[in-house]
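The chain below stands alone and is given as structure tokens, in the form predicted on its own.
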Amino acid sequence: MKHSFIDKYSKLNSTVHRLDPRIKLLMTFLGIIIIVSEPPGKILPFAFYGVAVLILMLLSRIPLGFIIKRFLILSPFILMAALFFPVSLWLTNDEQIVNLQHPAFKVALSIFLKAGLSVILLILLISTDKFHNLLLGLRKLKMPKLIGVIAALMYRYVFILSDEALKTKRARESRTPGKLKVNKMKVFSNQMAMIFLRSWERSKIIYHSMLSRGFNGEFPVMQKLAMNRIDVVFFVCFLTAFLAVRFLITPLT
């Protein structure tokens, strides 16, 4: 079965897609570090960060609806993390929070913006390149070998889990068409157990097949990375823009 829920738009031909994976990784991680380092309560700098991220989104040519859907999946967790700050102050009775103009809500908004922009940068990262290319870039950036192998295996085996979940769902629907009216929890629990057992057995078969083909704990590299002048210029412009906002605009707000 074919799946494209992880890197659906990784084959697009755009300026961001053509960047070296190492450049994209460094841009993402440094951008997140700069955004998160903003002082609590500062709001205006995030408008400039948002413009920079929006430019990256337009250059990547990834549909805005796709990015919004991915963001909405994580937005409840981001919102909860932001709201916990004023709630914690209220529960501890350290401060009296009487309206939305209290500084605690400004800090909560900055927390939401930090996490939101960081998530969008990560969505752009995983959507503009194949996962194995990103792993190769991480290896070139001296990522520990064991972490790379574990990530590669997880990436491959998640499709096995998805396949078995789809097969089990179709088998259950063919036997009980329509909506379940009774014993829903029992049926879904049995279905989850079956998915786990079938995925486990299939993954063992695949792993033994890998060993029979000479797998020694490291995936072979079929692609060579080459960084060109455009990659370096793009990285310098991106980093300069973020640093300018952080150290020039932030102190003025």
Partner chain sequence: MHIADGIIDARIAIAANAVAVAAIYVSGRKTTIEEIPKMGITGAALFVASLVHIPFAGTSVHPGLYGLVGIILGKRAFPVIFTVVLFQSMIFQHGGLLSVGINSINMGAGAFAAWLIWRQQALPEYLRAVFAGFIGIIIPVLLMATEFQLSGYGRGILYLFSIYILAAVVEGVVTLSVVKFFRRIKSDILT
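Between two forms, the rigid core is defined as the largest C-alpha subset superposing within 1.5 Å. Not measured: the values here are computed from a predicted model. Numbering follows the first chain given and starts at 1.
Not pictured, yet referred to below: the form predicted in complex with its partner chain.
Next on the checklist: Since only the chain is shown here, I'm wondering whether Tyr155 would be in contact with its partner chain in the predicted complex (any heavy atom pair within 4.5 Å).
Outcome noted: Although its partner chain is absent here, Tyr155 would touch it in the predicted complex, with heavy atoms inside 4.5 Å.
Checklist entry - Given that the partner is absent here, does Asn190 sit within 4.5 Å of its partner chain in the predicted complex, heavy atoms only? => result Although its partner chain is absent here, Asn190 would touch it in the predicted complex, with heavy atoms inside 4.5 Å.
Checklist entry - According to a 4.5 angstroms non-hydrogen atom cut-off, is Lys42 in contact with its partner chain in the predicted complex? => result Output for Lys42 is no: heavy atoms all beyond 4.5 Å of its partner chain.
Checklist entry - So in the predicted complex, does Leu25 come within 4.5 Å of its partner chain, heavy atom to heavy atom? => result Judged by the heavy-atom cut-off of 4.5 Å, Leu25 is in contact with its partner chain in the predicted complex.
Checklist entry - Pick from Leu211, Val51, Met227, Ile68: which has a non-hydrogen atom within 4.5 Å of its partner chain in the predicted complex? => result When its partner chain is considered in the predicted complex, the option within 4.5 Å is Leu211.
Checklist entry - Candidate spot Phe29, Val149 and Trp200, all three in 4.5 Å heavy atom range of its partner chain in the predicted complex? => result Judged in the predicted complex, Phe29, Val149 and Trp200 all sit within 4.5 Å of its partner chain.
Item to check | Members of 29-50 lying within 4.5 angstroms of its partner chain, judged by heavy atom, in the predicted complex | outcome: Result: Phe29, Ile32, Ile33, Val36, Ser37.
Item to check | Yes/no, Arg61 Cα shift of 2 Å or more between the shown form and the other one with rigid core fixed | outcome: After core superposition, the displacement of the Arg61 C-alpha between the shown form and the other one stays below 2 Å, so no.
Checklist entry - Does Gln191 move its CA by 2 angstroms or more between the shown form and the other one when the core is aligned? => result Gln191 C-alpha, core-superposed: shift of 2 Å or more.
Checklist entry - Does Ala151 show a Cα shift reaching 2 Å between the shown form and the other one after rigid-core superposition? => result Yes; that C-alpha moves by at least 2 Å between the shown form and the other one.
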